[in-house]
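The chain below stands alone, shown as structure tokens; this is the form predicted on its own.
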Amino acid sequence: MVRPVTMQPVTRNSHGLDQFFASLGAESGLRLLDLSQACQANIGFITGQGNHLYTEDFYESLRHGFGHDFSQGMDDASRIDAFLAENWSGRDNEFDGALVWDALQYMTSPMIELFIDRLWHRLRPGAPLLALFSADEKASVIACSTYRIADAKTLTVVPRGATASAHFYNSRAIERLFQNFRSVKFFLARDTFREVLVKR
């Protein structure tokens, strides 16, 4: 078991978040998915734009489904099927955008490919997706965080624990993960994040 990392919240500029909201345009009434812990900051910002926010605390779901070291059991087809059936079922073209944050980097193959395939189906064509990956390929432990939207260009990152680094996803690996999507764009930051904006 990996013990929680004690860190202070960090507020950072996010070019990926800026482009995510720019991709949505001025349309209202959109259905957006947030895979971080529900928080008033995100609810207030999204609904303040006239859109609807649906949250799924994927960090907690993974903890309950696979234990504290998330990668354990992610090669077990029966456990994966049970997890996806319980936590990740829904309608095709259900969402107009998804804030995936750092949820993908907790997963290993074949879990991550199956999850992304389901995500592809739940997004409408052209919908943007924002994901964050660690840029530190030597890290043995990665922080698990909650992401609070301060404004369209600013995030507050609140660490909530840590897990062993299951797999380092470089740019080429990330492009392969999203090979069925329309486009993949990278934003390099000065901190430990690699931001990725994907369009369905």
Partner chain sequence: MWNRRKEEEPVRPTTSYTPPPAPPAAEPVRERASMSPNPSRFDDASRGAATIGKNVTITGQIQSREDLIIDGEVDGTIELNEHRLTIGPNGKVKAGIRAREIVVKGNLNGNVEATDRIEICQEARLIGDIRTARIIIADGAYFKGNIDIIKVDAPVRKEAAPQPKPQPAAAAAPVQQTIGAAAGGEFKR
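All of these numbers come straight from a predicted model, not from anything done at the bench. Residue numbers count along the first chain shown, from 1.
From this point on, the text means the form predicted together with the partner chain, which you will not see here.
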| property | result |
| --- | --- |
| Contacting member of 135, 174, 152, 53, with respect to the partner chain in the predicted complex [4.5 Å, heavy atom] | 53 |
| Contact label in the predicted complex: residue 39 to the partner chain, heavy atom within 4.5 Å | yes |
| Contact flag, residue 108 vs the partner chain in the predicted complex, heavy atom cut 4.5 Å | no |
| Contact label in the predicted complex: residue 156 to the partner chain, heavy atom within 4.5 Å | no |
| Close approach of residue 76 to the partner chain in the predicted complex, 4.5 Å, heavy atom | no |
| Residue stretch of 99-107, 126-134, 86-94, 113-121 approaching the partner chain in the predicted complex, non-hydrogen atom distance within 4.5 Å | 86-94 |
| Three-residue site 43, 60 and 148 fully in contact with the partner chain in the predicted complex at 4.5 Å by heavy atom | yes |
| Stretch 99-118: residues contacting the partner chain in the predicted complex, 4.5 Å heavy atom cut-off | none |
